[in-house]
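One chain follows as structure tokens, the form predicted on its own.
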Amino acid sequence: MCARLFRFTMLLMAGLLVGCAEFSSPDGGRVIAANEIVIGLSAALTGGGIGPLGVDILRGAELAVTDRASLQVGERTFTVRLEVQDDLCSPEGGQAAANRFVADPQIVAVVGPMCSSGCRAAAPIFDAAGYTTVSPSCTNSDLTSGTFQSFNRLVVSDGVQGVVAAEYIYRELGITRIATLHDGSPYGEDLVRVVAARFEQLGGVVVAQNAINVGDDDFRALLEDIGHNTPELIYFAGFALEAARLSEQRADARLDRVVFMGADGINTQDFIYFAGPAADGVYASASIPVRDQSLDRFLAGYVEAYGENPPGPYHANAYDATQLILDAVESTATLSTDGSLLVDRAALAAYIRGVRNRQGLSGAINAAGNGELLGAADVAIVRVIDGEYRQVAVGRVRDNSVLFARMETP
């Protein structure tokens, strides 16, 4: 299994695996397929500090397909296949991937996109075509405000993650003065907005709020300006490459004793690699899966298949997203008189928006009817200790309050 899945991943990333539909045609919002069920996957598979997040998502989906390589509908068995697009974690990439998927009527639904900027740009395209998406990683809180009918997510929103982060900073770390930075993306802007609002509500002071440009690598002048406001912590909402430079350059701005914290965008081994010694002591957060025997078996299979631990935090979410789409197909599909598979897109969408009491690796899946699929979910606070992220606390929001379980001394 290891060699086969590894080769499959490499072919997908190199763009060498070309899907070939056996038979499909648009027919009143239905998918018609002769022998296979095709699920789209939209994730960023390239780019410094971003690619490993997408590879992690791809691998989670691959393992779901390995575990469920075929579906029985009526008297027929249909094989399951992924069709993968690199969405580059950008609006343009999200739109391009969406346009490719909706041009293929055999795609039953899509896992992804990966980043909130791509989800926001792709959603109108999927809406217009009647396609359904389940993102394992788009966390911007506004995405489920009711604007998009195609968008669903199996990840905790920034409305939860940001609240947990702010509460941890103020209550657990005892910090009362922070500066916020974001990378200009919908993900980054929304996350710092939530963190700042909750932190101020608790009694803290946000002493500086700034944005950076993705791709820049010298932040010394900005950090010096921030330093004039004497923050105790810098909270950054962005991705690994820029976060590493910011963390590294704190010392040049005489801020090396100021705590640095980010979110799921920096919760990767790439951040630790890029930042080197400057990663030590950095905090991050992320939605975490439910720890049980099912997850342990999944992680053991992951390491067996790919020869390493997951490089990002979204593998379980992608596995669940893929399985949920397959559940929807299995529950709503019928057979035509000639034995072809018929999937009604509206019925599939209704199934996903109405799913209740399904236990996944990422938690209890209970649709709220607006695209939110995870009910009560935990947010982990992790810290780099001895060159690796270690979980130091878990926060759960209940009735607008956050309860923490401490795992290790921070």
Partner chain sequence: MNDQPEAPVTPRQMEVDLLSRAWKEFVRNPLPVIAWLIFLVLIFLMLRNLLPQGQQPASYSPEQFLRQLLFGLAQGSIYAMLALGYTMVYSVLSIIHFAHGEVFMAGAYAGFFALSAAAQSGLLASDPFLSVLLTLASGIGVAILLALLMERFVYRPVRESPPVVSLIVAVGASLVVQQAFARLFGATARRYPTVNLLAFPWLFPNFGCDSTGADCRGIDLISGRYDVSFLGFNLRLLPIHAVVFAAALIFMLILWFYVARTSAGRALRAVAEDRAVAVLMGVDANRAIVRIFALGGVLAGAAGVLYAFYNHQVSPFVGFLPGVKGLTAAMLGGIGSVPGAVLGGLLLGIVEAIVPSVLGMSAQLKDVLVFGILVLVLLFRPGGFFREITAEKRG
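Residue numbers count along the first chain shown, from 1. Note that the structure is a prediction, hence the values are computed from the model and not measured. Basically, rigid core = biggest C-alpha set you can superpose within 1.5 Å across the two forms.
This protein has a second form, the form predicted in complex with its partner chain, left out of what is shown; the following refers to that one.
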Original post:
Among 200 to 208, 268 to 276, 168 to 176, 71 to 79, which stretch sits within 4.5 Å of its partner chain in the predicted complex, heavy atoms only?
Top reply: 268 to 276
Subject >> Partner-contacting position among D292, D225, E308, D338 - heavy atom within 4.5 Å of its partner chain in the predicted complex >> reply: D225
Original post:
Pick from D280, D327, D256, E232: which has a non-hydrogen atom within 4.5 Å of its partner chain in the predicted complex?
Top reply: D256
Original post:
Do Q249 and its partner chain share at least one heavy atom pair within 4.5 Å in the predicted complex?
Top reply: yes
Subject >> Heavy atom of S331 within 4.5 Å of its partner chain in the predicted complex >> reply: no
Original post:
Might L299 be said to contact its partner chain in the predicted complex, defining contact as any heavy atom within 4.5 Å?
Top reply: no
**OP:** Examine A196 and determine whether its closest non-hydrogen atom to its partner chain in the predicted complex is within 4.5 angstroms.
**Re:** no
Original post:
Heavy atom within 4.5 Å of its partner chain in the predicted complex: which residues of 213 to 228 qualify?
Top reply: N213, D216, D217, D218, R220, A221, L222, E224, D225, H228
Original post:
Quick one: core overlaid, is F239 moving 2 Å or more at the Cα between this form and the one not shown?
Top reply: yes
Original post:
Is it true that R76 shifts between this form and the one not shown by 2 Å or more at the Cα, once the core is aligned?
Top reply: no
Subject >> Rigid core superposed: G227 CA moves 2 Å or more between this form and the one not shown >> reply: yes
